[in-house]
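Next up: a single chain in structure tokens, the form predicted on its own.
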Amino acid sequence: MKKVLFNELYYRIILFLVGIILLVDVSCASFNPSSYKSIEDCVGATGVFVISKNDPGYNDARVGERVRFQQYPRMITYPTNTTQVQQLVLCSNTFKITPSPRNGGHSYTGTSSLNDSLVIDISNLNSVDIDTVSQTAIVGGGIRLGPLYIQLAQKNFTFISGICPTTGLTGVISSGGFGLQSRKYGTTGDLVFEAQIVMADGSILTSNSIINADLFWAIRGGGATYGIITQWKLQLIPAWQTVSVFTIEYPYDPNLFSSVLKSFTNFGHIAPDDLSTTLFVTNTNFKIVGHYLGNNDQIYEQLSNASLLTYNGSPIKGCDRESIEQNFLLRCDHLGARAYFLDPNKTCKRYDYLNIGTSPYASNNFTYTIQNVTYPPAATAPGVVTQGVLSVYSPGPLQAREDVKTKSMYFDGPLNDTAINVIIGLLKQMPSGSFAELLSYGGLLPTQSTNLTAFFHRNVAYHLLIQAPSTSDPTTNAWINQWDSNVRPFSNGQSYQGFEDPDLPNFPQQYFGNNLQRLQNIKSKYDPQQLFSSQSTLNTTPASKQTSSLFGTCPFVHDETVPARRSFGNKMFNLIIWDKIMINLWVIVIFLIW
């Protein structure tokens, strides 16, 4: 009797294991890229919405917000779940077409939309699932900052990142991510617990401080070149009840530049951690903007003691206590404080500026020709975002495309008089449409190791961003290039990897510092054939591709569908449906046998 029972149990176990193996085989067999004749057929079988070169909307879809480098991808795809991303990567592998992952479309060099590539735009992977008990959120890799802030605020939470609402969260984390509150809480990448990543071979990995820990280290500040991140788990911060914001408008007097710049660089990086400040200059405007976590009672004293409100011992016009507190200081809730920096009228009421949906850009006004056919630019008209907006607020305004050139550099401490004089000389020559932004670091960051994550730029005092219109005007080009030749020697030589600059002579070293070699090793390990390539690629040499799997070379197929907020109309038949049917049938069979 015991022997019969043992044999029956053994028989059932064997059937169960065979069923599991067949489940995997069915999943893998349900999508076989090599069975298709072309990349177009392969992509079509995934069921994603596709825009090709001759389709209406191609001119707008082929680039993101930055249009200095006009790229012409073969196709632009919009997956709505991780499985589709995986299948698109497998199609790219099979037909030797470079995949270009795209989140917010903010790449300054167009690396999220390369020529003849397969753009995988993940903007529809934008779900937000908040756990109020653990104070964490699982969010889609395609979420943009504006909608993320809005949805977190509904549960009285927030997150540390930048102020631009159209920026993609994955792009921010891949660059490290510096926000107004980073002096107190650290970078955006410091507040990540886990990621789900589609790798170059089509496999799907979980990456955290324990599992694939080297990859987890790299994707937080090491560039967007290791895989396609479809999901993040974030550490949330309880929303601040009161936030003070301010804009100190100085008279546009070049005589003030030197005094204010010197005082600012002596103060900003050693200010209280709750206070973040930025010096902002255009050819008509000269101001300091700030963000303080708390009431504004102490702000005037802080700025006054730093000599930012006086010149030659006398109050600067409009910078006395009464004027500052009545005209420039506002108390906001945390969401309103973010909207404040977007609102030209500097109020805390325009939450709609954060509600930018999944397709927030106005038309790409660029005429192009394909196969001897010239396509004129679409008309640009003011309007509001219509796709993927949240119902809780009015939709935000469409965002203009930007044809700009930038320079980025870091400084380890206050600027000396020689550096200040050189900078002032360039500020006085600033062309129209340009700006200079000096952002204070310091606070928590210098106390952290520069290899805490792949984001290297922690032990610095200031970041300087210069932006000018990308133009054929030789005067403008000469002006912005002088920042490299005349000002960079006073910096530490490093640049923020989120502001890609093709002029840098050694960009991997300047972006990643002493973390570069470790990043190169990780890149070679996880993407040995360099499938994911961009200007931030780490100059690694492709190695022989190695694959290992319990059931051969076929990766597991996951299907964590992320609810989309945009309808794409008719879609081609999706083989994933058959995958699910076959899996369910095998589960029933195994259950009945058992």
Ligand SMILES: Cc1cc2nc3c(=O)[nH]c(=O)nc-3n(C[C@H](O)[C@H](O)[C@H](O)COP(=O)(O)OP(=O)(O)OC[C@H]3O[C@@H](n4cnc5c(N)ncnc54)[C@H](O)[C@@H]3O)c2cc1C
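Don't overthink the numbering: it's just position in the shown sequence, from 1. Keep in mind it's a predicted model, so treat the numbers as computed, not measured.
Note that the form predicted in complex with the ligand isn't included here; everything after this is about it.
Relative to the ligand in the model of the complex, residues 105, 177 and 228 are all within 4.5 Å by at least one heavy atom.
Partner contact region in the model of the complex: 97 to 105, out of 97 to 105, 74 to 82, 267 to 275, 506 to 514, criterion any non-hydrogen atom within 4.5 Å of the ligand. Among residues of the shown chain, residue 112 is one whose heavy atoms approach the ligand to within 4.5 Å in the model of the complex. With a 4.5 Å cutoff on heavy atoms, residue 496 counts as touching the ligand in the model of the complex. The ligand is not drawn, but in the model of the complex it has no heavy atom within 4.5 Å of residue 60. Not displayed here, the ligand is kept clear of residue 452 by more than 4.5 Å at the level of heavy atoms in the model of the complex. Shown without its partner, this chain lists 118, 445, 409, 122 as candidates; in the model of the complex, only 122 has a non-hydrogen atom within 4.5 angstroms of the ligand.
This chain is displayed alone, yet in the model of the complex one of 426, 261, 163, 316 has a heavy atom within 4.5 Å of the ligand; that residue is 163.
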